[in-house]
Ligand code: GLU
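Just one chain follows, in the form predicted on its own, and it is written as structure tokens.
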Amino acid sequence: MRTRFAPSPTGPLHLGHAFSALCAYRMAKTNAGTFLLRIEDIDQSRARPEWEAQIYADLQWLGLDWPHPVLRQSSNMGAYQAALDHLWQRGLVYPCHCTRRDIQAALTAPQEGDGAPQMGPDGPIYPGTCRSAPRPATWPADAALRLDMRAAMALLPQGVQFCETGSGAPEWHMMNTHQAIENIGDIVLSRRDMGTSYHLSVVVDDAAQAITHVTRGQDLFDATFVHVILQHLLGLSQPIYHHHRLIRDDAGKRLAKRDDARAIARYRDEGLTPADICALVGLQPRP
């Protein structure tokens, strides 16, 4: 068993991160496996060295350890570019020059109906504006790259499925071709300001690090279908998934990095112990 915790160094880790990291770590240790730490810093406009340093300090304080060196996504761009090139050569991605304003305008046009735009794993589902445009020989640097979901699912006529253990006993979840096209749409695989995306990089990295069990929050459940589709298209191994409950504030809202009041470092500075953190997130302290 190989699990991982993959935070972004864009703010302080909070109680939700502590819960996710502890779940992945305990799963690995209970099964004599390996727990890996990965730094997902593809968003260089927001990543900061001081936040990365605090990730290490917070996790070590919680009692976690991991092999070195740590994979940092900003140093692994060549692998993501190779995956994009593979998909490009197969005609499965296309350049998109639409801005968020363009997409919003297309989705709210009168011919699109009066209802609210349908939402997918990354927000409003893209209306396909650039899909039929002539495709250049090489992708332009000033454009995003989108997965042509219709072309992709034509290669996966039986649909996709993944094994989930978050609810206890293993359970298989399936998505057919129609559902992928309608409920996910042409997802972005490379943002013009990053050269990759969360969906592409996480799939490439999980395979490269031989991750067998992905432990993460329930909020990423729907995105897992995107990842399974990419695993099939790229010929990569598929982990087992464990989507755990989310840690929420007193009002029931999911914690975010802007919620500094729940930051692990703040609890530590106030004199709490790792055992106290476990109690706050509903975990028993390790003996």
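Just count from 1 along the sequence shown to find any residue number. Small disclaimer: the values here were computed from a predicted structure and weren't measured.
What follows is about the form predicted in complex with the named molecule, which we do not show.
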**Request:** Answer for L147 alone: is it within 4.5 Å of the named molecule in the predicted bound form, judged on heavy atom distances?
**Result:** no
**Request:** Tell me, yes or no, whether V202 is in contact with the named molecule in the predicted bound form, where a contact means a heavy atom of each within 4.5 Å.
**Result:** yes
**Asked** Any chance R216 has a heavy atom within 4.5 Å of the named molecule in the predicted bound form?
**Response** yes
**Prompt:** Within a 4.5 Å heavy atom cut-off, is L220 in contact with the named molecule in the predicted bound form?
**Reply:** yes
**Request:** Report the residue, out of F162, Y94, Y198, Y80, that has at least one non-hydrogen atom within 4.5 angstroms of the named molecule in the predicted bound form.
**Result:** Y198
**Prompt:** With the partner removed from view, which of 21 to 29, 5 to 13, 262 to 270, 275 to 283 is the stretch that lies within 4.5 Å of the named molecule in the predicted bound form, judged by heavy atom distances?
**Reply:** 5 to 13
**Message:** Given a 4.5 Å distance limit between heavy atoms, list every residue of 31 to 67 close to the named molecule in the predicted bound form, or none if there are none.
**Reply:** E40
